[in-house]
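Next up is one chain by itself, shown in structure tokens, the form predicted on its own.
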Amino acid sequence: MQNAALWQSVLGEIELSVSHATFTTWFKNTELIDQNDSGVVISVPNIFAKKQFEVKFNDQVRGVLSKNGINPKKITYTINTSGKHTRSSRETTTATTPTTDVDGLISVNPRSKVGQTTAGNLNPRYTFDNFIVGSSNDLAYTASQAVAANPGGKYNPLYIYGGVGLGKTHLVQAVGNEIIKRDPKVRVLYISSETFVSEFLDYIRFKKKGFSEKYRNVDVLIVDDMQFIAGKEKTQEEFFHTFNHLHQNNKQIILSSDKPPKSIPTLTERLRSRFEMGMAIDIQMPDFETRCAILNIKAAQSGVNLNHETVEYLATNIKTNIRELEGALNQLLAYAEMRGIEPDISTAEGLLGNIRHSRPQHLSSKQIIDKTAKHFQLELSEICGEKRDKYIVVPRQIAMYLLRSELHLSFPKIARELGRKDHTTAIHSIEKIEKAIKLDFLIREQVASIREKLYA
């Protein structure tokens, strides 16, 4: 039996024996990548999943493999560092095999104008065509178009900054997609600064080869959330050399951050000066007209024509960021579709009130901690205990984050609820999960799943 077919059979049996949330969180993004006389090798998405399989699921996996006629001497779990599921050579067909410009960076499919990229790199849905321009972002949009037309030219580096949910990621990826659309041979790499940090640490710890070449043998380097590199001296030094190499060879550098270079604490002066040597532009909160335009376009994409009163009501009452605006619109459209009614202003008024005051009054700290523990198949004594194993620490941090976001408890109170003596542990944990939600799909999915159970 081929690896893929065997693993699908294993997953099919496991799916019947665990909850949907457990299967989606832990088993869905796994793959059997090798089996031989010495054992089997299973790919998992990250270190957290690796620990869970080694501690929690190993016996279950071994048992189901045995039912399928495989009795490995050893089961090895390895982290899929490519960010995508590899397919076995037997499954790959030459008719649709994409050609790779730089190994692991970006794959351009001959059938696609924009390019099919690996997970974690450019999202082909982020283009200039669907980026909504207003007075809050028109300068950043114009500069981005200029860079796309002439990468490595006058705006190098292009540094775009602004608050959460204002379209920075969309815009910087739109530049990359436009460059590829104009010339598919251009080597583009989009990453988050967290990815750069993580891969640099692996390079130091495990002496992995090819780190510098990966980041320096590109024509366009796009780094998102640059603020997370602050305080990491060795990483900043490596990025400084990468920056210099690319800039001296007229390669385009595009950076995004939540704040301007001068406001990033513990950023080295030499990096700060380089970030400011090109064009640094901010994206501001969208104005009323831009919010209305976003709502109209997003509704039209869903096949709905919202009336002016409903659009203006949503645009007036949601001013923080585009994500929250789109979230409210999606809830309105979904509610109207389920009820078979028109998404009018009266429905929006009722729903917006529910969105703002949806937390049930009876929700308690114990419920949040208990639901979090059950989601990760932990005992309450484990999540509130002293153990600092990775598979326990992260659920504990998520529980702290939910206590803060859902109940607005103080940090000392949160620390006490989880059996911690020092409230700075709670501060650190919550900040860590807040960052992870932006960058790590798995963490974001876990938090959303637990929230759903809290309000079910």
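Quantities reported herein were computed from a predicted structural model and do not represent experimental measurements. Heads up: residue numbers just count along the shown sequence, starting at 1.
One more form of this protein exists, namely the form predicted together with a small molecule; it is left out here, but the text below deals with it.
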Q: Report the stretch among 130-138, 332-340, 212-220, 174-182 that approaches the small molecule in the predicted bound form to within 4.5 Å, counting heavy atoms only.
A: 130-138
Q.
Just checking whether Gly163 would be counted as a contact of the small molecule in the predicted bound form - the rule being heavy atoms within 4.5 angstroms.
A. yes
Q: Would you please decide whether Lys251 lies within 4.5 angstroms of the small molecule in the predicted bound form, comparing each non-hydrogen atom pair?
A: no
**Q.** Heavy atom of Lys371 within 4.5 Å of the small molecule in the predicted bound form
**A.** no
Q: Report yes if any heavy atom of Ile294 sits within 4.5 Å of a heavy atom of the small molecule in the predicted bound form; otherwise report no.
A: yes
Q) Among Asp202, Glu326, Glu312, Asp344, which has any heavy atom within 4.5 Å of the small molecule in the predicted bound form? A) Glu326
Q) Pick from Thr169, Asn121, Asn80, Thr242: which has a non-hydrogen atom within 4.5 Å of the small molecule in the predicted bound form? A) Thr169
Q) Leu201 and Lys56: do their C-alpha atoms lie closer or farther in the predicted bound form than in the form you see, with a change of 3 Å or more? A) farther
Q) Do Ile264 and Tyr401 have their C-alpha atoms closer or farther apart in the predicted bound form than here, with the shift being 3 angstroms or more? A) farther
